[in-house]
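One chain comes next, on its own, written out as structure tokens in the form predicted on its own.
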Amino acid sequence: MSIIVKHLSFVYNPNTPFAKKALNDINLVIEDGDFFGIIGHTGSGKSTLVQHFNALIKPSRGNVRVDGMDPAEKGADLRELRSNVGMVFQYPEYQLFAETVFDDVAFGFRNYYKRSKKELKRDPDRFKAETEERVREAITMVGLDYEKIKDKSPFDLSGGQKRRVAIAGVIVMRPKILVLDEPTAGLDPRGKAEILRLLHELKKNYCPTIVMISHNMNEIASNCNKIAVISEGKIICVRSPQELFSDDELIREKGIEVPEAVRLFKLLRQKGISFDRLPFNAEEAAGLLFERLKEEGKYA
């Protein structure tokens, strides 16, 4: 499923003294299979943009098409759209509310797919079994033990487990596109690594397209195949990590933080030691340095 954004503008509190243009003539294409990163300073319009993808807000001007459907059109099936585009907000664990993990994860499925009262009376066992299948699948998919965790209170879990449960509550709908706003915010290094590994597993086996907002350039560069830079409600560019972090002028102009490994290799370049490409994490950096040492005969 692709997302095509054309001439999208959005104004908060229109026609009032408090009107604020959050998006200004956005054009963007997110293709099926992308791991798409969105970066920009606080207040640049990132979260406002992605909330258009499942019609949580609708354009002031322009349109957004998801798999060919414009959610602003009359008769658009928003229920189907929101089952296909899963949204995980920043600190999603703060939205956990149910007494058990099972009920929290099941909420979305029950809310969107519950049959009419007449059908429930006719076949309540089937709906119950289908709900259990969906919840078991989602909890297992995020790397948790269904039998051990389903009856626990979500508030008794660790921070990383809570976030996984919150993500399970979204993927229980089996979305084709998963949108995440700062998915690793507030987690320790181990928790961040686990969540990022989980996202790649979900992309490989479950949600083909992932859109991630993040201020963490190490995560963006290491995981995304395309990156959109937003500034003051406008798309400045969409580039690959290699293209973006090689553009020193753009980085200076927009105040873009660069990944630590990129910073190191740019310092090496200033010392006259150049490489064909930039690394985006410690493993890639070590690999490039090792290859250089082998070429120079300094490592057998």
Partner chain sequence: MLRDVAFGQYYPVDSYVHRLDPRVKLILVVLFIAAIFLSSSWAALGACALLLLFGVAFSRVAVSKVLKSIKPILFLIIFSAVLNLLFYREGTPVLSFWIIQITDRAIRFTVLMAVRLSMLIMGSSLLTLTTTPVALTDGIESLLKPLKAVRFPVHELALIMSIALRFIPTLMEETDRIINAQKARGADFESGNIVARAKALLPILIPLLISAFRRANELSDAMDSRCYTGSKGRTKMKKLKVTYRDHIALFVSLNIMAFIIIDKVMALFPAI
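Since this is a predicted model, take the numbers as computed values, not measurements. Positions refer to the first chain, counted from 1.
This protein has a second form, the form predicted together with its partner chain, left out of what is shown; the following refers to that one.
Shown alone here, residue 146 lies farther than 4.5 Å from its partner chain in the predicted complex, counting heavy atoms only.
At the 4.5 Å threshold, heavy atoms of residue 141 stay clear of its partner chain in the predicted complex, well away from it.
Shown alone here, residue 104 lies within 4.5 Å of its partner chain in the predicted complex, counting heavy atoms only.
Residue contact check for residue 111: one or more of its heavy atoms lie within 4.5 Å of its partner chain in the predicted complex. With the partner omitted from this view, the residue of 202, 196, 96, 229 that lies near its partner chain in the predicted complex is 96 [heavy atom within 4.5 Å]. Of the residues given (63, 246, 51, 44), 51 alone sits with a heavy atom within 4.5 Å of its partner chain in the predicted complex. Heavy atoms within 4.5 Å of its partner chain in the predicted complex are found in one stretch of 77 to 85, 205 to 213, 182 to 190, 221 to 229, which is 77 to 85. Residue 155 is the only one in 137 to 166 with at least one heavy atom within 4.5 Å of its partner chain in the predicted complex.
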